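Next comes just one chain, in structure tokens: the form predicted on its own.
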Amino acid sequence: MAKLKYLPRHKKGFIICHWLNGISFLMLFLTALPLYIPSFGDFYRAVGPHNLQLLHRFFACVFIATPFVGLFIAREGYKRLFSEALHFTKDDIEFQKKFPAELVGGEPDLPPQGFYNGGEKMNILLQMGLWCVLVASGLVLWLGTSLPQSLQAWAIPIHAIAGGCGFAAALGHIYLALGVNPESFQGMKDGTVLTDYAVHHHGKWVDELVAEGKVSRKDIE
């Protein structure tokens, strides 16, 4: 029997939510840039301040709604995401110590990982935190004069800093997905992942699949 080249990892609903979250954040970032970078002034004038604000608020609604949509169309995926991200093991910590070597072309002896490895768990927690800060501060700014001015004054820099951190994290995420481990990007295209990559980066998860009878050792070795 031929070895399985790919293993199913993410379902369609989860993939849709991933792209909705990523695209809406990118559009939020782009529609906010003219407020902070003078060189984007032409874009600001071409689109129009009012239209730019409408676009920003539209994508804000998509950004806010995506996790809740996921609870309906990707409940299993989100349940696993939240449960695993909040559960760190010694192997996850060891993974984070050794993984930087892989960023520069090395092949470290990584400890076996679950469905989400230690690096992915850190990214998930970071994104969850930034989502909460962006949504809370953004709503304060959206409500405007109906809230105390002191609260709005704090919301402006907090929202901007969180947006900058989110963009930096997004660049790192893209670099890891396309530059360091392009095999992982397959999971957000059709939901599958290369078997060899899964064995190397998600060994515990592969063991789960074998224990559940979803694949056999002959399928992956």
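A residue's number is simply how far along the shown sequence it sits, counting from 1. This is a predicted model, so every value here is computed, not measured.
If you look for the form predicted in complex with a small molecule, you will not find it shown, but the lines that follow are about it.
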Exactly one of A32, L194, V69, A170 comes within 4.5 Å of the small molecule in the model of the complex through a heavy atom, and that residue is A32
Students should find that, of I93, L125, L141, I73, the residue having a non-hydrogen atom no more than 4.5 angstroms from the small molecule in the model of the complex is L141
Partner contact check in the model of the complex: of 113 to 121, 78 to 86, 128 to 136, 93 to 101, the stretch with a heavy atom within 4.5 Å of the small molecule is 128 to 136
Report task. Please run the contact check for L176 against the small molecule in the model of the complex: heavy atoms, 4.5 angstroms, yes or no? Result -> no
Query - is_contact(Y36, the small molecule) in the model of the complex, heavy atom dist at most 4.5 Å - result: yes
Residue-level contact is defined here as any heavy atom of the residue lying within 4.5 Å of the small molecule in the model of the complex; does A60 satisfy this criterion?
yes
_At 4.5 Å between heavy atoms, is I64 in contact with the small molecule in the model of the complex?_
yes
